[in-house]
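Heads up, the chain below is alone and in the form predicted on its own; it's given as structure tokens.
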């Protein structure tokens, strides 16, 4: 079991980290019921500034659990946020990183809390949101294109594994196949067929970009008008082919409206058109198809890992059992569709 994080023990820790904030205390701490890869908490930091004025800062704390469906850590996500901050893709500001797990039973990071906005992908299925979906989709895919257009030479990504335009596809495939094979909860013959297909040929990236790794509906904040406010959850960020992000967002597993709208937002063709507007890249359909099939293997590796973690009793958050049960069959169907077998 992870040790509890409380107003008192977090407040005591932060008083040491921010001695200039007088009478500092933590209020309203609670864990948000979302996300499988990390634990996320929201709280208010209340203190007196140097002029004796009362101040309140809204903050988000993320903690690494004992086992996760994603091989990442607080430092990697923290540095990823810092790397892209101020480069045209809106993200929360990072405030503190603590790698010593002794304080709270796992490494933590603290960031500004951009409170008061939405991030639910399911909300897009409500009738009131249907007229806004074209605007949300354009905002989202244009932002994804903006990320693809950022010059990686201007970012500090030295903490990420090195890659090249020629090798990034095979590197990512090898990485996720290894994870799938390590955590498979039962035979995966459909995945095996897809992997054989993917190993026959890999695309060469048009350019290298900072890849978010999990860009989809549910991982960005938006306001009541559907304007995109910030992109969240950078724990799988890496250098690679920007088509990887586009393909992941098109995954059938994320068609929450149970129709052809990708991410529950927009058609595949329109999503690509929006992405091309700002990325400066013309999509090669053969390369994108490869990345879409790869996304299914990556997805299945994540869903299988959820099941394995639950089965091994490494983490008993119910979302691990639920994600494995709900998404594994969906991902198999997506593979069969992409391979022309449905």
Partner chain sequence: MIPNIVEVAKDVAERMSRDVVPRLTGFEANNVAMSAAMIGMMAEHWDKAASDLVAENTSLLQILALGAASGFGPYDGPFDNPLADLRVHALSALNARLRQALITLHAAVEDADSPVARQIEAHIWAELRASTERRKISAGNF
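This structure is a prediction, so every number in the text was calculated from the model and none was measured. Residue numbers count along the first chain shown, from 1.
Not on display, but discussed next: the form predicted together with the partner chain.
- The putative spot formed by 187, 339 and 342 is fully lined by the partner chain in the model of the complex; each residue has a non-hydrogen atom within 4.5 angstroms of it.
- Checked against the partner chain in the model of the complex, the residues 133, 193, 107, 114 give one hit for a heavy atom within 4.5 Å, which is 193.
- Taking a 4.5 Å heavy atom cutoff to the partner chain in the model of the complex, the contact residue among 154, 258, 199, 182 is 258.
- Picking from 310 to 318, 42 to 50, 55 to 63, 279 to 287 the stretch near the partner chain in the model of the complex, with a 4.5 Å limit on heavy atoms, gives 310 to 318.
- Residue contact check for residue 28: none of its heavy atoms lie within 4.5 Å of the partner chain in the model of the complex.
- Using a 4.5 angstroms threshold between heavy atoms, residue 253 counts as touching the partner chain in the model of the complex.
- When the partner chain is considered in the model of the complex, residue 330 lines it closely, a heavy atom lying within 4.5 Å.
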